[in-house]
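Presented as structure tokens, the chain that follows is alone, the form predicted alone.
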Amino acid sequence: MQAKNLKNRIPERIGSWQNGRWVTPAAGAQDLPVINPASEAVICLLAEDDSASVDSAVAIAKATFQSGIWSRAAVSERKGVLLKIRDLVVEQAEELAQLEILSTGIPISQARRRHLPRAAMNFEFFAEFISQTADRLYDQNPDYLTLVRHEPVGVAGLIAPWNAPLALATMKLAGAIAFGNSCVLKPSEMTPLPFVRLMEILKIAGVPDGVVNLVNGRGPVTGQALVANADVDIIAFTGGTATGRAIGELAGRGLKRVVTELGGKSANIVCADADIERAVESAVLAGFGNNGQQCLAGTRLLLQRSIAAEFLDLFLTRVRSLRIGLPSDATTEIGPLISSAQLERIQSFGNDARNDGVEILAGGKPADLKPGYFFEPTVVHAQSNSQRVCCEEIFGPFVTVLEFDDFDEALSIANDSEYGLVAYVWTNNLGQAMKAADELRTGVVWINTPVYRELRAPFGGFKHSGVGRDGGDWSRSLFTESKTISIPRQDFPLAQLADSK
């Protein structure tokens, strides 16, 4: 889609989507600028929803849920709508990709290849899942048949991040509505653009008005109002660990079900017996894909000492050749960071690394591109896992190298983190691979493979990387209530507490 035509698809001021229509923002609503990180220009304004606006969206979602128009719709009906959404996302993929990169800085090649196919796949997966999943019947007791049914929870509050807006938001959204829930979605205030088109796609596909509602704004304002609302039954959040803690505390006061996918500081272990060339390519992808702004990034690169020099020679050659440029350029591999604040934060890690005696092997400073929030792909060589660059989530194109002598030491370093989202292991030794699978304290272990998501399997983290899981049966557990129904097969003598005569 041409930029001129795309501009016509972006409103000057974005409001909320409630009951199947765009709502005019209330008088006095705070306007937030939506910034293009590649140009630092204001794209449009976002009207922030206050507690009254959030309460309105939640009330609509609750009333729609109670009406049964979607919550009691046949599985075949919901499946058909989800597949129609999939078709429309595929049909509109280029426009959605262009809208997404405008405010995220994600290279267009990655949006086309990864983000939009994943968004479409989310709706397809849950459409097929609900049509194949059956409930249980227990008949071991000859006097009873006991059925277990899964019913939608009610109103789901969905809070999505800015680093992969459509891919991550639609995982929650598709799961919530597949099982019959209504929802209120809050994207990041920095990346609302693709959701303008997505809401219209949902309506065209046949999602009843009021099933999906959209509110916009910052976490402490709009997000807090959503989490605090008594009629929201579940909160699904992807974002930073500090925000996740605050959401968990607030949601706990209302005994809400909560799932949080939070930060990571994932280890990428490369053993001496690994396929070095494949491990190098994986390390580049894991460390620098999506501009390094992904929670599952392999940001701690652990190299066995005997092959460290060989690996680094190949790795640094690849890193230094990464193409930095405008997200709209199909040849770009590293785009701008999301904001000036993120640029300053990552620069602080480069400065601290120099002051802390960490060797900077590549990058370490803002790129020579203006305007825009560009940072050079960075590789540093640390002496200890206790240094700041090894402990804190940086969330940018920044990889820290550590060396180890034996595999037990590698596992110890990998587990020495407050995070536990994913881990990468490169080895051709089956025993070492199985030992890693047993001992790594992470929610996902990828052996001899880069980033891969199996939607049937659970995804989530240990420790401070989150609480709960999504994917397949785990999403069903998240978005449904289990109900047990016991029915006698025939009359049978009842025990009596008192003589009725």
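In this text the structure is predicted, and so the values were computed from the model without any measurement. The first residue of the sequence shown is number 1, and the count goes up from there.
Only in words, not in the display: the form predicted together with a small molecule, which the text now covers.
- The contact with the small molecule in the predicted bound form, taken as any heavy atom within 4.5 Å, belongs to Pro187 out of Pro327, Pro194, Pro187, Gly363.
- For the residues Val227, Val401, Leu202, Val358, the 4.5 Å heavy atom test against the small molecule in the predicted bound form is passed only by Val227.
- Interface residue remark: Gln347 is not counted as part of the site for the small molecule in the predicted bound form, having no heavy atom within 4.5 Å.
- Put simply, Gly219 is close to the small molecule in the predicted bound form: some heavy atom of it is within 4.5 Å.
- The closest heavy atom approach of Trp162 to the small molecule in the predicted bound form falls within 4.5 Å.
- Contact annotation for Gly263: at least one heavy atom lies within 4.5 Å of the small molecule in the predicted bound form.
- Stretch-level contact analysis of 304-312, 210-218, 140-148, 422-430 against the small molecule in the predicted bound form, using heavy atoms and a 4.5 Å limit, identifies 210-218.
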